[in-house]
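The chain below stands alone, shown as structure tokens; this is the form predicted alone.
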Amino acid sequence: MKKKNDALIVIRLFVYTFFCVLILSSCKKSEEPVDYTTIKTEGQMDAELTAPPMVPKPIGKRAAMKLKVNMEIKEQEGTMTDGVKYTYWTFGGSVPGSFIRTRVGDEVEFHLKNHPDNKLPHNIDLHAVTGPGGGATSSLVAPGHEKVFSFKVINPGLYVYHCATAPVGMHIANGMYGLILVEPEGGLPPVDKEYYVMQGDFYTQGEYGAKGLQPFDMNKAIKETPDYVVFNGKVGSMTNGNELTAKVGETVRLFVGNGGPNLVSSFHVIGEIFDNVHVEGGAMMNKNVQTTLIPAGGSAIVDFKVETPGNFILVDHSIFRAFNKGALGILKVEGAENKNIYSGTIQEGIYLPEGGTIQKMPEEKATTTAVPKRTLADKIKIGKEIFGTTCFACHQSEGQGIPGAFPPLAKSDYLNADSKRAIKTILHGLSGEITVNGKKFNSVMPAQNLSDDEIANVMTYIYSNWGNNKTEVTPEMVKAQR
């Protein structure tokens, strides 16, 4: 009997070992990298190229093909922000350059053309290319000429491309970067909306907001002190009527790149959590991510489902870059509210950190602080100091505001039309959509803890500057609205 039991144990061990070896060998086989260099192409087509924030249609399950890419380099003047011009160097006439969409195994025939009106030679380095310089060594092209080279895409992922002509940093800093997507076999999982967003840092001889055509500043670039950090080449590229859009219940995919040339991006969407993040644009998947780091010359693919309506703000969470240098966009979501997910304000009450009991100081004879008589010059001087400590961050030094986020005070039709309404805004705060100088804003202005005299002075300063109507506000006018 004992021998029979021993035999059964041996058989069971053999079967268990056999299946373990079979499973391990199967896992090892599945983990082996696929050799996409051996994929044969079937037919040919011209690549669809799109300017940001749009992307070409998904690849889906199409076979690998010979893909012809026609891209033209253009040196052209554009708008960095209101009143500020900049000469961009572009791939395809946009910053970032045209989005290129391929699949593994495609053979890309790249036609790079340098417009005859351009002043400089350029080339292209595609991080998706396996070969010297990512194509840069084969693509240096003078104005009025064309270079053709080819490559096979053999690694799925989202990759940056950029100019690599010396000085490389200057060419990138002037806007010469973009994204090329290499989809896996069978394509990416389908979503409802896809958008193209790319961050870049710009260096100008004038400070932020300085008017006119601003030349590139090499010294600032070397010191890594940009005047502008923006999405898609300019301040407000995805605000003021250019918002990304979606509907409640839809899934959104953002192809996000960072052209640099210097700064790392801390990409975040305020009010959303990324369900999936392709870390650095590769195969590694992270889930339930609040903010993802994107290195200069790197990328990420983020997917999420929008479940409540509203404006969701895209930012570089190195937050002064968003609210003071331009790295800000908006995803506008429309649809029915879901109170189970987000209720909005339920109640507003008084916050008493020392408990609910109302406490009083011993009663004394009431006193009033007399407000001294001030000249207009005195009011403006004091108001300027208050503005610098209270209002500057949102409304900026010249009252220009922050496009898409905080309205301008300069030449403000909203302020000039009704001083009583303006006083109430400072006293009691304001939320919801307003229109200022023809542009819509939907942010929050908190009530300010200022005295009647302080409000009168700061408002007099604002009304006395930046093309406003010179209204002189008095403490009595403030008191009447308090």
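One rule holds for the numbers: they count along the sequence shown, beginning at 1. Between two forms, the rigid core is defined as the largest C-alpha subset superposing within 1.5 Å. No experiment lies behind these values; they were computed from the predicted model shown.
Below: the form predicted in complex with heme C (HEC), not depicted.
Contact check for 394, 432 and 445: all three have a heavy atom within 4.5 Å of heme C (HEC) in the predicted complex. Look at 250-258, 268-276, 406-414, 129-137: in the predicted complex, residues with non-hydrogen atoms within 4.5 angstroms of heme C (HEC) sit in 406-414. Interface residue among 451, 425, 70, 50, judged by heavy atoms within 4.5 Å of heme C (HEC) in the predicted complex: 425.
Residue-level contacts in the predicted complex: of 150, 118, 155, 390, one residue has a heavy atom within 4.5 Å of heme C (HEC), and it is 390. The shortest heavy atom separation between residue 441 and heme C (HEC) in the predicted complex is within 4.5 Å. Interface residue remark: residue 436 is counted as part of the site for heme C (HEC) in the predicted complex, having a heavy atom within 4.5 Å. When contacts are judged by a 4.5 Å heavy atom cut-off, residue 462 counts as touching heme C (HEC) in the predicted complex. Once the rigid core is used as the reference frame, the Cα position of residue 45 differs between the shown form and the other one by less than 2 Å. Residue 417: CA moves 2 Å or more between the shown form and the other one after rigid-core fitting. Taking 2 Å as the criterion, residue 68 does not count as shifted between the shown form and the other one: its C-alpha moves by less than this amount when the rigid core is aligned. Compared with the form shown here, the C-alpha atoms of residue 460 and residue 209 sit at least 3 Å closer together in the predicted complex. Relative to what is shown, residue 448 and residue 209 are closer in the predicted complex; their C-alpha atoms differ in spacing by at least 3 Å.
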